[in-house]
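Shown below, as C-alpha cells, is a lone chain in the form predicted on its own; questions about how it binds or moves come after it.
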C-alpha cells in the first residue's frame, strides 16, 4: 500500500480527491489519458537528463557549463518546433578555488598529528590568504547562543553545528526541515562577521551522513565578506566534541573569487496556442546548478520534465488552446536574476499569464500538485485528478503561497502557481553535493513526473473557465 506523505506546513491547505471521471469544458478526458500514458511510455526526458548531466556536467551561473546548457536546451526545443527566445540576463560569476580545512591544535592531540576536515566553500564566500589562516574555533548551536557568546567571537572561526531533522523529512516535512537548517547557512556567516569572526562554518544541511559537504548560497555583506564554508556532518560533530575538551584551532584555506557579472539567458520556448495564443501557461525549471555535482535532481530533472511536455504533445499531434511556454530559468541558485529579468520584461503583461508551473524539488515520486489558487477554483481540477489518480498522482493541495524560487514574483502578482507534490524524503541527501548525479534519478519516477507535468500543463492550457487571480490574500 502506498504511504501518503504528511502535509507540509502551509498557511492554508485542503486535500480533495475526484470521485468521478468527468471533463471540464475544453478538456477531453480521452486526450488527458493519452497524454498521461504517452509520457509513462517514454524515456525522452531521461535521455535529455543524461545529455545535460553527463555531457555538460555542473552549470553554475557564469560558467562554460551553464552556457553549454543554454545552447543545448535551445537547440532541443527548436527541434521540437517551439519558438525559442534567449532572454539576456546578467548573472553573478563566483568561482570556487582551493578549499581545505585541518584541525591543528586541540587538547590531547598527539605530537605530529592533525586531522583533515571535509568542507566546501559556500556560494558568495570571501577568501582567506592564499596560505590560509589559523584561528580558534567557537561552536554554537543556534543564533541565541551566538549572541550570548558574542564577546568570544572576534578573531575566531564560528561553527554553527545545527543538525538537519531527517525525522521530519521522512514524514513529508523535508521542506520545513531544510528551511530550518538553511537559515544558518544563509544568515549565520553574516551574523558571525558582524561580531568580528574571521571565518564561519556551517554543518551541512542534508540528511545522509556520508562525509560529504553540501554547498549553497550565503548572504554576506560586501564590506564583510569573510570566508564561509559548509563542513560534513561527521566533521561538525567531531569539532564539537573536540571543542568540548578544550581550545580547538583550525587551519582554513578558501580561495574563491567573485568576478564581474557574466552574460547568460533565460531559455524561453513557446508552443503556440490555437484560439487563445495570447494567453500563456508557463512550465519550467531552473537551468543552473551548483558546481560540485551535475545537478541531476537540482534542477536538471525539472528542466527536462518541462521540456518533455512539448515532446509529449508533439508525439500525439496535439495543440493547446493557450500558448505553452517552457522556461529554463537562469541563476536560481545564487541570485534568481533570471526570474527577476522575466518579471521586469513582462510586468505590463502579467495578466496574460493564465498559470505557471515550476518543478524544483527533485525527481522523487510524484503524488500530485501543490497550487496557489482560490478556494472557489479547487473543484475545477477534479477531471484532471481523476486521470492522474491511477498513477498515484491525483492529490491536488491548495495553499495560499507556494513561494517557489523562480515563480514567486509572478505568484505575488496574482498568477496561479503550481509545483509538483513529490516524495522529498531523500532529496536532501544529495542536494547541493557532489553526489547529485544522473544515477540518483529513478527512470520510472521521472516518467511519472513528466506524466504529471504534461497532463497538468495541457489541462491548464485548455481550461474554459478562468482560475481567477489569487492576489487578495497577499
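What you are looking at is a predicted structure, and each value in this text was computed from that prediction instead of being measured. Positions refer to the first chain, counted from 1.
The protein also exists as the form predicted in complex with another copy of the chain; that form is not presented, and the subsequent description refers to it.
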property	result
One stretch from 409 to 417, 444 to 452, 63 to 71, 32 to 40 that, in the predicted complex, holds residues within 4.5 Å of another copy of the chain by heavy atom	63 to 71
Another copy of the chain: the contacting residue among 377, 382, 238, 343 in the predicted complex [heavy atom, 4.5 Å]	238
Residue among 244, 151, 130, 113 with a heavy atom within 4.5 Å of another copy of the chain in the predicted complex	113
Output flag, 57, 294 and 430 jointly within 4.5 Å of another copy of the chain in the predicted complex, heavy atom basis	yes
Residue contact check: residue 198 to another copy of the chain in the predicted complex, 4.5 Å heavy atom	no
Close approach of residue 44 to another copy of the chain in the predicted complex, 4.5 Å, heavy atom	no
Partner proximity in the predicted complex: residue 28 to another copy of the chain, non-hydrogen atom cutoff 4.5 Å	no
Touches another copy of the chain in the predicted complex: residue 347 (any heavy atom, 4.5 Å)	no
Contact set, 189 to 213 vs another copy of the chain in the predicted complex - heavy atom within 4.5 angstroms	208, 209, 210, 211, 212
